[in-house]
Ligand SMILES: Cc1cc2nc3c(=O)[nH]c(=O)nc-3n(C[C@H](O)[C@H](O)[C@H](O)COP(=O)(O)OP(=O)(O)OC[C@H]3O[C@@H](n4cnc5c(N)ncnc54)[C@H](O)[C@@H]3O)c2cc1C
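Single chain ahead, written as structure tokens, the form predicted on its own.
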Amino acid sequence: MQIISTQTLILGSGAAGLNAAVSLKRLGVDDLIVLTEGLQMGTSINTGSDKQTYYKLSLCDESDSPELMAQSYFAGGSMHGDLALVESAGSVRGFMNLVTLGVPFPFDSYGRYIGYKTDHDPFRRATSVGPYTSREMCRALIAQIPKLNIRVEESWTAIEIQPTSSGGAVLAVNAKGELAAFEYQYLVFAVGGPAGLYKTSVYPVQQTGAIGLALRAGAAAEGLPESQFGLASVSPRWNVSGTYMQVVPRFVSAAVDSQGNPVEPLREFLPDYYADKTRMFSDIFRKGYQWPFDSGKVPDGSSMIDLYVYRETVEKGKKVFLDFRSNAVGFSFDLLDSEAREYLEKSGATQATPLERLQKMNPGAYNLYRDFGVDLALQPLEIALCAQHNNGGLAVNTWYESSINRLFAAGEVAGTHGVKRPGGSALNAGQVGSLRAAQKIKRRLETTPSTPSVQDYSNMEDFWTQWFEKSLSAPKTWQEERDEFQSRMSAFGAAIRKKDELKAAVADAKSQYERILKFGCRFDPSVPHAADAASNVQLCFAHWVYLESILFALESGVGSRGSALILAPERDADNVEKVPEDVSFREKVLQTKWNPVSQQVENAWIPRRPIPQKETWFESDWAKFRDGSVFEE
């Protein structure tokens, strides 16, 4: 096993990881490596929506401030106030850096960076470059790699982290099954969200996530139960938010056979649930800008649309489609409520069909699916209620350092969001967090220089060599094992949750992890799937930890909140009876950690930190900036 040493290792090459590398290079840290499965892999460069949002401080029209923006973050509940202020204060720098790199965010004739309102946003802080905002961010940052001479190691999959007193090492495997230990003094952990945990998911297939690596190494996590779910197309995986819903398409479904092929004609199913067509059509429209499933909008609100799709697909076993080719039976603009009708009229979108309205309001949203080989003018689009984002992740301080010394987390893997977050705030958080981590690492290298000696990582090498050997004759294939835990997460850890069923799911999750650890995951050594098999270890471990945290939250009595609807144990199957939210938990954050001694997952509620009320004074703060003490606060 080769050992490769560097001062700073960036694990992951999404928008956050790339920005960490660029920021470190600009700060003068030259000894760094970006370790990645591939620069074209991951969520940032492979995902979007009808108009993918970037949330920032308002630079047009509003009397905005970092303090006001922090309050918008904080209002979502279960978010630390100091992190809310940090992500607000760093917003403009992160945004303008992307502008300087060439991301074409729009401005008006006076140079003002215009904005619009997104969900949970009291100001017009949102902006976009179209369906591919995060992809354009990645492309702009990737263009800096040759210019700044940044070393990138592609085609490596991380399978274990071993922290040491002077840093640590990431063990990785390549397609050939070769092992390498990447030794670091500082690690920027930017592996994205837990994409590989869910069967029903809008995360790109190329993204699996690796939070399980840090959890197995003992890193504390916060807010793991707080995920975001929403309606998305199944193939391609893409959010059907915004304009896709505002044009009021038809919702149709059909029963399918064992191969998933429809065995009956497509029929509209929403009229089965809605007696009032004005409410039905208006809920569909409103689903566009209220896209994330919100338990607060059940039973009165647009999230009933998500719930009815869930009933058709999960409870009835049907497939659901959006059909843009014709209006729903009985559709009329006069049946829309005033908000929906006026929006479409002002947008000039009063054409005869949903497709024509989509092509008028957002032609890019229509062309996007054509780029994927799906013409909405010719065929319906299959959708489901999918996992989309984890608001929780690793616990970090205001410099994005985790509970493990020298391990920093940035991007979705950092648990800085609360129960609800403004749409697009994840892109801002990734840029701010990665810069903050780079600044702190640069300061540490200046004030506490160290040259780590090569450590002995033979224990990791021995474990994995033996694990791969066991895997050749394991009872189940890596695909079967992955399908099992992904199906379990989608059934018990997604938008609709039932406490009485979760206990058995947690026990089954732990049992599966222990089986994988003991027996391995079978794979064909002639096919490059060693990395896929090995990734099942951290993925299965992570899904167990997530389910443990979800069960603990439910048993604590937190109730339905955010994108999680907790169904009452005693309820009529045809009605929605949810466990109400206990709002007192908004003042707390759920912390989760693996205890290697007890071999148990430990959960505890901690008070959330308030928004700092520190008074600023230029001369005194300037002095702290000059002497570097600002980095220690």
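Just so we're clear, the structure is a prediction, and the values are computed from it rather than from any experiment. One-based numbering along the sequence shown.
Omitted from view is the form predicted together with the ligand, to which the following refers.
Quick one: of Ile550, Met79, Ala438, Ala190, which gets a non-hydrogen atom within 4.5 angstroms of the ligand in the predicted complex? For this set of options, the contacting one is Ala190.
Hey, in the predicted complex, does Leu11 get a heavy atom within 4.5 angstroms of the ligand? Looking in the predicted complex, residue contacts with the ligand include Leu11, since a heavy atom lies within 4.5 Å.
Contact test in the predicted complex: Thr416 vs the ligand, heavy atoms, 4.5 Å: No, Thr416 is distant from the partner.
Please tell me whether any heavy atom belonging to Trp478 falls inside 4.5 Å of a heavy atom of the ligand, as the geometry stands in the predicted complex. Although the ligand is absent here, Trp478 would stay clear of it in the predicted complex, with no heavy atoms inside 4.5 Å.
Touches the ligand in the predicted complex: Ile33 (any heavy atom, 4.5 Å): Ile33: no contact with the ligand in the predicted complex.
Let me test this: is every residue among Glu37, Thr43 and Thr53 within 4.5 Å of the ligand in the predicted complex, going by heavy atom positions? Checked in the predicted complex: all three residues contact the ligand.
So which of 152-160, 309-317, 487-495, 96-104 is the stretch with heavy atoms within 4.5 Å of the ligand in the predicted complex? Among the listed stretches, the partner-contacting one is 152-160.
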